[in-house]
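To begin, one chain is listed below as structure tokens, in the form predicted alone.
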């Protein structure tokens, strides 16, 4: 363990102790929250997307209150910023960025990919989103509106991508298997 890791572990322990002393959160609660965050992955968001593609009531819940929709899938959201869900349509495509740092719906998608936090991605997503997406192989037609949405410390966003053609009759597991992390950020489309 290097000196920075040692210092950050000591700082984390001091914060956890302070939270416990103030009666805000016990050491066990802090450890539990860390374990939940470490266990989160894009597979959780993919399950939400697949369920929304199959269940109109769940889709409506997801679009009106992403936090409640995540909790309905067993994803704990207590104490986290609200989750908003942006629906892609034939007319509008969404791209999520955090222009200041790396605000990301970790409870639903896990830790952000390294590129999401990069200054280059953050700047290009705002300045030239179509060019950025083209580099990912995601071509947005000129007839389609591209909406860039800023994820913040106060509100986190994910995308409900359009269900690919030729997936009629697929079950939730098969649908979830084609949803990638990039699809739920808006840099790619689900393969179908």
Partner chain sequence: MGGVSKFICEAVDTESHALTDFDRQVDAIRQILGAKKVMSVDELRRGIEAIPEAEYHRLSYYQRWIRSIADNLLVRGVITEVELLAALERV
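Numbering follows the first chain given and starts at 1. Please read these numbers as outputs of a predicted model, since none were measured by experiment. What we label the rigid core is the largest C-alpha set whose atoms superpose within 1.5 Å from one form to the other.
If you look for the form predicted in complex with the partner chain, you will not find it shown, but the lines that follow are about it.
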Might residue 109 be said to contact the partner chain in the predicted complex, defining contact as any heavy atom within 4.5 Å? no
Contact between residue 68 and the partner chain in the predicted complex at 4.5 Å, heavy atoms? no
Is residue 177 part of the interface with the partner chain in the predicted complex - any heavy atom within 4.5 Å? no
Using the partner position in the predicted complex, report whether residue 41 sits within 4.5 Å of the partner chain, counting heavy atoms only. no
Three-residue site 25, 33 and 156 fully in contact with the partner chain in the predicted complex at 4.5 Å by heavy atom: yes
Taking the partner chain as it sits in the predicted complex, which residues of 118-140 have a non-hydrogen atom within 4.5 Å of it? Please list them. 118, 119, 120, 121, 122, 123, 124, 126, 127, 132, 135, 136
Please check if residue 60 moves between the shown form and the other one, taking a CA shift of 2 Å or more relative to the superposed core as movement. no
CA of residue 178, rigid core aligned, shift of 2 Å or more between the shown form and the other one: no
If I superpose the two forms on their rigid core, does the C-alpha of residue 27 end up displaced by 2 Å or more between the shown form and the other one? yes
